[in-house]
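Here you get one chain, nothing else, as structure tokens; it is the form predicted alone.
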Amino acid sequence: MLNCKEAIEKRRSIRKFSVEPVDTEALEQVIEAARLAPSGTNRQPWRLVLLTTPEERQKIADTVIQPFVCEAPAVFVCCLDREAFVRLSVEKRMDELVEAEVISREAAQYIYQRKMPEKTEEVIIPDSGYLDLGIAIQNMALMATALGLGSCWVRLFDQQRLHKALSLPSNIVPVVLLPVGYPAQAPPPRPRLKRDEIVIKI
């Protein structure tokens, strides 16, 4: 398995996959990488739907613009759960942090005073929720690379049609598709800005 630095350097967006199936243990490691990701106030709002059979992948075939997505042996539908942002859920996560002595009870009480939705249907997912999901997906992509797998972030799909095709609950919002499999291509490194172009001097 590659170490963290190697995985970061070798990760590529893979759009051609081998037909070789990905074993369950490897997929479980990718899921575990998501599970361990950090999130604001430990909300952990990500939810994953894993499609591994041709029949399962065919369900979303008409909702994606890029056919390679469903040609991968495994596709993660990476979602956000609106319920993670209601007051009851947030307070539960905060109580866990207090019990773990990560934050003080006083800090938790300060957060409890914030305005939060009381019901799932009132939730407008905050920007921080998408950041949380992004961290989890990056963990997944890097773990896939470390295991010799390829992946590709995909946002080009019909969200409403996909939601319906998978019969997802109303509180689950699909955001990103992450096809995963053994690469059938070896793309060169993509152009990246130089260090001095991303570090702002003050």
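So that there is no doubt, residue numbering starts at 1 and follows the sequence shown. All of these numbers come straight from a predicted model, not from anything done at the bench.
Separately, the form predicted in complex with a small molecule exists; it is not shown, and the next lines address it.
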request  = Mind telling me which stretch in 166-174, 41-49, 66-74, 23-31 gets its heavy atoms within 4.5 Å of the small molecule in the model of the complex?
outcome  = 66-74
message = Contact with the small molecule in the model of the complex for residue 16, defined as at least one heavy atom pair within 4.5 Å: yes or no?
response = no
ask   = Does the small molecule come within 4.5 Å of any heavy atom of residue 190 in the model of the complex?
value = yes
query = Wondering, does residue 143 line up within 4.5 Å of the small molecule in the model of the complex on heavy atoms?
reply = no
key: Close approach of residue 156 to the small molecule in the model of the complex, 4.5 Å, heavy atom   = yes
